[in-house]
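We begin with a single chain expressed as structure tokens, specifically the form predicted alone.
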């Protein structure tokens, strides 16, 4: 098997750790550089301010993490993460009302972002070729003959055979490419002006509210109350039975407040008594944190006609999704799993050369990224006054319609097997091809009025 000297990963968060694990078998050393200092236990850190807010790990993301870092789930559970039945123990309210509830084999791993990230970093650090270099801010890349050959930092230059940008939403890779004479990826931004207010709450001892996760999504146009059009909330168990995370959300600039009494009023305005009842029984021992960096941003590296060799992006540096839809960690994990498989196949076919790997990786994972992008932005297009730009140029936005997707959701909710199949699709365990089949589309069209009547707010 071909081995190389050094790979450099820019960013030591979830995507960076998983990328390091993906390529580690092929390098003598993998250096993970991050401008932040890493905590020695699962704690909130400055370099991941979004860590104070709720994070959903989809089933496919958990599966990929366990493949890349065996023992991830077991260690997370040992440290207090919870495992939930995704249908029996989750209450979810949307335009159709409360989702069906019944026992299933589809399990969620519920934990705080700091715990998930810490376990991933701990397991990556146990791989003997991976070395973390905290406090190293990357300021650019080095190139020779059309390939990236290393990085520049404030402490000097570092050479590498492969450079992976996992620096997240604020990735400067497009500027670095331009500085070295390369083109830049087309950048599309969709901003529905979401905001979060989050905190960790304490629930009563032996609390049995009838769920272990509770979520309400914005109903959109036609909502029963003006507030329920734009407002939402979610709360679920994280580490420890009495510690839950609470995130209250508002879209279209209708941002949730940072004081407890105002936050409770904000939630109450949605008009769902179940939400008020749940919050009336919890304690607020920690401060409420605000987060508003929720834009969808796609940098179309896969669509570039030319790109430097030996350089690729992963996770939010490639495609950052509105975090309200819970795709970010999972897409990072699936990106990394694709990279792991593609680099192995590439080196079997082209021993001793990494040229062509980036193009291969982007082509293989582009369908997944575009699917998640489409599902995330389609929902944001329903939000009033959503803003869209392409390379900074504002685009005209046609009002989104959810007529078909609403009826599709109603159709799957009427049959337990269909509903489970649908949940597996939204958890990225199953392709969505079946949802686009003529059989399904025609049945929904035939029952158009019947299914439309099931959509609660009209």
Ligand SMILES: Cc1cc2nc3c(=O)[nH]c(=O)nc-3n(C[C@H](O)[C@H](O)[C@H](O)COP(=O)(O)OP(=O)(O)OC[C@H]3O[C@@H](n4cnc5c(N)ncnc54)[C@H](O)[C@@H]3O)c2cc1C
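Everything numeric in this text was worked out from a predicted model, so none of it was measured. Residue numbers count along the first chain shown, from 1.
Although not depicted, the form predicted in complex with this ligand is the subject of the following passage.
> Just one of 67-75, 362-370, 326-334, 266-274 has residues with a heavy atom within 4.5 Å of this ligand in the predicted complex, so point it out.
Result for this chain: 326-334.
> Under a 4.5 angstroms heavy atom criterion, identify the one residue in 168, 308, 256, 218 near this ligand in the predicted complex.
Comparing distances to this ligand in the predicted complex, the residue within 4.5 Å is 168.
> Tell me, out of 55, 62, 407, 26, which residue has a non-hydrogen atom within 4.5 angstroms of this ligand in the predicted complex.
Looking at 55, 62, 407, 26 one by one, just 55 meets the 4.5 Å heavy-atom criterion.
> Hey, in the predicted complex, does residue 244 get a heavy atom within 4.5 angstroms of this ligand?
The answer is no: residue 244 has no heavy atom within 4.5 Å of this ligand.
> Residue 196 versus this ligand, in the predicted complex: is there a non-hydrogen atom within 4.5 Å?
Answer yes; at least one heavy atom of residue 196 falls within 4.5 Å of this ligand in the predicted complex.
> Although the partner isn't part of this model, could you tell me whether residue 50 comes within 4.5 Å of this ligand in the predicted complex, counting any heavy atom of the residue?
Output for residue 50 is yes: heavy atoms within 4.5 Å of this ligand.
> Should residue 35 be classed as touching this ligand in the predicted complex when contacts are defined as heavy atoms within 4.5 Å?
Result yes; residue 35 sits at the interface with this ligand in the predicted complex.
> Select from 284-298 the residues with a non-hydrogen atom within 4.5 Å of this ligand in the predicted complex and write them out in sequence order.
Residue within 4.5 Å: 291 only.
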